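Below, in structure tokens: the form predicted on its own, a single chain.
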Amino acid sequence: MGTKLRIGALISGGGTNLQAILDACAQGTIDGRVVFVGTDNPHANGLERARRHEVPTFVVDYARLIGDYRTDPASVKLPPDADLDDLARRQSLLPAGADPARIRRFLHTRVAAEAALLAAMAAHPFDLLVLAGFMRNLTPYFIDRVNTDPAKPRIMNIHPALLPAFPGTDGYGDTFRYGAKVGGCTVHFIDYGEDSGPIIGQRAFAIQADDTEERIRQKGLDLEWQIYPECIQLYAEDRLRVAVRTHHLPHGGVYRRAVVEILGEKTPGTR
């Protein structure tokens, strides 16, 4: 890109992945700098990590906004460019057969919060947005306003499981309870679904018979702190491309999937 990658980050909690990114930027293993840290949680400990690095921070309190909506829906204003009917058709976070009123409530509160996020982010121009433990699903309203070039996604996430297995908020716990023999983590671009976007990199670890859920979680975190900066650096080097691959299945079926192609020899998760 010629200049340092400008990285925005969204967090919800302690921010250990944020710390790994901040450290990698300071050490030069990411050719970039973090230009803001936002959160949905005013008590997120990761805010202090950002402040120690003199990174601007902001809070959009999702819980308070959702509470306000439950008390008085009319008090939670939508941005004028929000079309909930169109968003309901395009989103895939809630199943198509879900109660339309439930879908509308979900979209109303999330879009109102996302408009506030976008307004806060507007003060800090960025090239890539990383979700570093941000525990809120993003709707097409937000995604489309960040991904302004369809050929170049700009929202990256790290997930605590080997996708497509175990999407959702507790990937390591789900891996442990299922009795899987291998666990891991996945870095991917965001799309309209839950943890369903094209995969950039993965790293795996063996699960031993005496491993506890906490030990599995720590194994995963140790790998997250390695692979997330690696994938961000690939983005900084402009080595990631998203392509749609078509597979013709037996009996006439067709499967299409957006995948990430990595230019060059090194692939994240390899040594």
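This one's a predicted model, so the numbers in the text were calculated from it and none came from an experiment. Throughout, we count residues from 1 along the sequence that is shown.
Below, we turn to the form predicted together with ligand GAR, even though it does not appear here.
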Can you work out whether ligand GAR is within 4.5 angstroms of a heavy atom in all three of P73, H108 and E114 in the predicted complex?
no
Select from the listed residues G197, P160, P140, P153 the one whose heavy atoms reach within 4.5 Å of ligand GAR in the predicted complex.
P160
Which of 174 to 182, 125 to 133, 90 to 98, 75 to 83 lines the interface with ligand GAR in the predicted complex (heavy atom within 4.5 Å):
125 to 133
Ligand GAR contact at G168 in the predicted complex, heavy atom, 4.5 Å
yes
Is it the case that D40, even though its partner is missing from this view, gets within 4.5 Å of ligand GAR in the predicted complex, heavy atoms only?
no
L221: touches ligand GAR in the predicted complex, heavy atom cutoff 4.5 angstroms
yes
If you apply a 4.5 angstroms heavy atom cut-off, which residues in 234 to 257 are near ligand GAR in the predicted complex?
none
